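In the block that follows, a single chain appears as structure tokens, in the form predicted on its own.
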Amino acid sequence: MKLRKNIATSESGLLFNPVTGESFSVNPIGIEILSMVRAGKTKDEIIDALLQKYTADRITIENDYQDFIDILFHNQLLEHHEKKNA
């Protein structure tokens, strides 16, 4: 998955989708997740990084991560990244 190319982001967590005209605000953890998504991290890598930083159990972090990602997909902010075969 990756952030859609046309999505404008700010360091403070503001996301803007020019296609729909909608803007969204994410909290600091959301900013961290988006940063890792932009860096090409996998779901497991992101969850492991959050587990190392925050005091929460794996199930809670996995569920919260998935809820956040689902919201981003629902609001057309993310797209699935397809790997091209060589």
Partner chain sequence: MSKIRYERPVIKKLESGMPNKFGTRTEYLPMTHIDGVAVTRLVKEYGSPLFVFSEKTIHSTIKSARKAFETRYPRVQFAWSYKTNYLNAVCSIFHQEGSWAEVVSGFEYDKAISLGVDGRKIIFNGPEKSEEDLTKAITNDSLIHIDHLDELYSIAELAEILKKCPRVAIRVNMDTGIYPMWDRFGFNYENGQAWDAINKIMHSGKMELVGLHCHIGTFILAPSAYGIAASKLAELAISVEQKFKHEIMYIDLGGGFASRNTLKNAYLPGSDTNPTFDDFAESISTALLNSNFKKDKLPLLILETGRALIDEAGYLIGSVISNKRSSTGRRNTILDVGVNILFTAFWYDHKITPAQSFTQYTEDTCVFGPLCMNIDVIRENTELPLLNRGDQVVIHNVGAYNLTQWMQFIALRPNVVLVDKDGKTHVIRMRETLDNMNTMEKIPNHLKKFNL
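Positions refer to the first chain, counted from 1. Because the structure is predicted, anything quoted here is derived from the model rather than measured.
Heads up, the form predicted in complex with its partner chain isn't pictured, but that's what we're talking about next.
When contacts are judged by a 4.5 Å heavy atom cut-off, residue 40 does not count as touching its partner chain in the predicted complex. Mapping the unseen interface onto this chain, residue 57 counts among the residues with a heavy atom inside 4.5 Å of its partner chain in the predicted complex. Although the partner is absent from this view, residue 61 contacts its partner chain in the predicted complex, with a non-hydrogen atom inside 4.5 angstroms. When its partner chain is considered in the predicted complex, residue 36 lies well away from it, no heavy atom lying within 4.5 Å. Judged against its partner chain in the predicted complex with a 4.5 angstroms heavy atom cut-off, the residues 1, 44 and 46 are out of contact without exception.
Residues from 18-39 that approach its partner chain in the predicted complex with a non-hydrogen atom closer than or equal to 4.5 Å are 22, 23, 24, 25, 26, 27, 28, 29, 30, 33, in the order they occur in the chain.
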